[in-house]
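Next up: just one chain, as structure tokens, the form predicted alone.
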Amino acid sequence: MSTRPVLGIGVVGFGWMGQAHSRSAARIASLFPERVFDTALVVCGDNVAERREQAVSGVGFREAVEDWRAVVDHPDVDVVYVTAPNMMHEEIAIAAAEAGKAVFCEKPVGGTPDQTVRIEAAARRAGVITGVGYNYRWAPLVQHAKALIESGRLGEITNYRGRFFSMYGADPMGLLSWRFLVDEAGYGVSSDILSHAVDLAHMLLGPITEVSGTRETFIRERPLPKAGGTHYDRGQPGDPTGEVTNEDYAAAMVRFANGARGTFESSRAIIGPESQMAFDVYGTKGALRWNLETMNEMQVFLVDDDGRAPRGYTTVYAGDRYPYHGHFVPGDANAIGYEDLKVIENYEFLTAVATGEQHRPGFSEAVDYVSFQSAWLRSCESGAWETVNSIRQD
């Protein structure tokens, strides 16, 4: 019989991301024999009856409830995953922390920077382990990129280009789901997907000190949603419409603390890139390019030892030589997928919970992003460069 502690899992919000976390937590046992914990899917909270039924009969939760408070208060729940719409995060995450539960919250934790700051402060006061869903950190080749940068193999980093282009909002007939409403999502792409691009830059290069930003909403009205509709569902011509109240596009020029210069762009209303979460890093001895759309490949350009540059980039394929890839598939160029990154993310977070060590990225790293976002928002209004100062509460 196993002597590993069993971590009881509660999930609030059983949409796409809640389902991904639930499946991922259940897969850990079959993929990570070295784990120091086991998991139990205890209770799922969602306001849609069909989702509650799926949580129990399809995914394996013991029970499902309509009121999220029953998840937070459940005596068998050790860890609460918050995957509800962003503007609900503050009440749920703070209640979970004050109940003594470890809390994993999807990015950027709060719907607004101030909400994220309050959530982080409450969790810190409660002394609980926290995690935030910046899952692209865990791509094996992203981890390899981090190792190359830290080893000095690229030399002094001079330039960085980060972006997240997605077509999920490119169709004007896409429904006006909560993601397009400031009252439910908070800000738009700056919270939803730009946060991923900037967080990855924080991990790879370190803090950003100054920013100059711009934003735009290109599709200003969308068809009103039907019951249970998401931003992937489509309306029809003549359907009643409502106003989009947050931004479709966000961009920034930045200065890093290490002296590097960079740019960021993010759009949900662009045509062409399907899910282009990507970065380019340029140093005095080499360069890297990685794109989620081809996540099992990375382009690497390294200067020879004699200082001369070879002609062109080399394609490096993911494989079991890179962190965690071999837990899913052996050898080289055998691909892993998006949800495998969620499994790695959950394994890392739950290991931290089991050992009592704070996970990274946690709510502190979430505050790092919203400190950037706060300065970016000021710059969008002022039209000037703004200094990035931490807005963390002492």
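Just count from 1 along the sequence shown to find any residue number. Because the structure is predicted, anything quoted here is derived from the model rather than measured.
Keep in mind that the form predicted in complex with a small molecule is missing from the display, and what follows is about it.
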Handout entry: Non-hydrogen atom within 4.5 angstroms of the small molecule in the model of the complex for each of Gly45, Arg51 and Tyr136
Key = yes
Handout entry: 4.5 angstroms heavy atom contact with the small molecule in the model of the complex for Arg268
Key = no
Problem - Proximity of Ala318 to the small molecule in the model of the complex, heavy atoms at 4.5 Å - result: no
Problem - Pro225 within 4.5 Å of the small molecule in the model of the complex, heavy atoms - result: no
Exercise for the section: Verify the contact flag for Trp16: yes if a non-hydrogen atom of it lies within 4.5 Å of a non-hydrogen atom of the small molecule in the model of the complex, no if not. Expected result: yes
Completion exercise
The one option of Leu204, Val303, Ala122, Met88 with any heavy atom within 4.5 Å of the small molecule in the model of the complex is Met88
Fill in the blank from the handout: Answer key: of Lys342, His327, Arg27, Arg35, within 4.5 Å of the small molecule in the model of the complex (heavy atoms) is Lys342
Fill in the blank from the handout: Of 188-196, 212-220, 248-256, 281-289, the segment with heavy atoms within 4.5 Å of the small molecule in the model of the complex is residues 188-196
